[in-house]
Ligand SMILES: Nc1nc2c(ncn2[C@@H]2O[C@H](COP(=O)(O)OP(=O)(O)O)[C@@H](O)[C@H]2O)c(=O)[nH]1
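Just the one chain here, the form predicted alone, laid out as structure tokens.
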Amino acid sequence: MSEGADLGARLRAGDLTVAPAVCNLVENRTAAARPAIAALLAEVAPAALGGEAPGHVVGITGPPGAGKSSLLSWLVAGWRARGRSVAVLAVDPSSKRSGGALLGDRARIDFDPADRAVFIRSMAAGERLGGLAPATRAAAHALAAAFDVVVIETVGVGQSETEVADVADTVAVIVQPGSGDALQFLKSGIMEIPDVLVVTKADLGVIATRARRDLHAALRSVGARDTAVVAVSSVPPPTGIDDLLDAVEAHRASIDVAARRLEARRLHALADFAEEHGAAGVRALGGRRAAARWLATQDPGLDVAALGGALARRAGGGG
């Protein structure tokens, strides 16, 4: 059995200790690693699992300074109190010197390092503007086979940083009171992305209340009345954490997870193809929209690697 297949089989068996090795593998972008990555993803595909991976993939995004790391510390503690295992993929800006993750979110998120049911990994965003490291999609997909919750924390938020919505089952967007974020989100189209809006620093009182009111108004303006708005404070003792956890879980219970994951796999395959073959490869497919329409006609049981192979054959005139 290859390294990738072995890691995938161990994830299927619920072995959380392989998480570091899984991330190391999917972050290996060399051609030699591709067969092992493909084998890993095949082992955790719906066909191998007998359905979608059970883990809840949660995207958390928001502008720098909004309090994402402090909030994540309390969320991890809250999920653990509910008996959930948690993996956090913290996507940070890349160091121009080393190419590695610059901020190192493991150092900013409080957790018990002896707790084997918590795994936190910093991933460098590289040159991607979408807020996700190249390997984030594969890591989240794989880890969801073993962990109850997989969190993707992105670099920031903006029109070019919405890829997390293509990967996560539930997206929570963090808003800082008094920052004008609600208006900026409305202008940039971000209000179409969140499944849950989180107003941090609720301890600020009137300012936080005004932010919630502005967000509700912005949601009404785009017809997104069902999006939950939750106010939290990370100042000990924290408030609103259980409400936020409940809102996140309620959202997942309300959606067709299989349909959302299927779309995510197709987008993942297209993103990987574009990274490998560049603009010329995408043009050979007729552009991204044409490629997405063609992918929608493919067998829903295909995993990411198989979809990528199908795209390559089509771009080469073979199908």
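Each residue number is its position in the shown sequence, starting from 1. From a predicted model like this one, the values you see are computed outputs, not experimental measurements.
Below, we turn to the form predicted together with the named molecule, even though it does not appear here.
With the partner left out here, the named molecule still marks one of 164-172, 203-211, 110-118, 76-84 in the model of the complex; by a 4.5 Å heavy atom cut-off that stretch is 203-211. When you look in the model of the complex, the only residue of Pro64, Gly278, Gly286, Pro35 with a non-hydrogen atom within 4.5 Å of the named molecule is Pro64.
Taking the partner from the other structure, the named molecule in the model of the complex has no heavy atom within 4.5 Å of any heavy atom of Thr227. In the model of the complex, no heavy atom of His56 sits within 4.5 Å of the named molecule. In the model of the complex, the named molecule sits within 4.5 Å of a heavy atom of Glu153. At a distance threshold of 4.5 angstroms between non-hydrogen atoms, Lys68 is in contact with the named molecule in the model of the complex.
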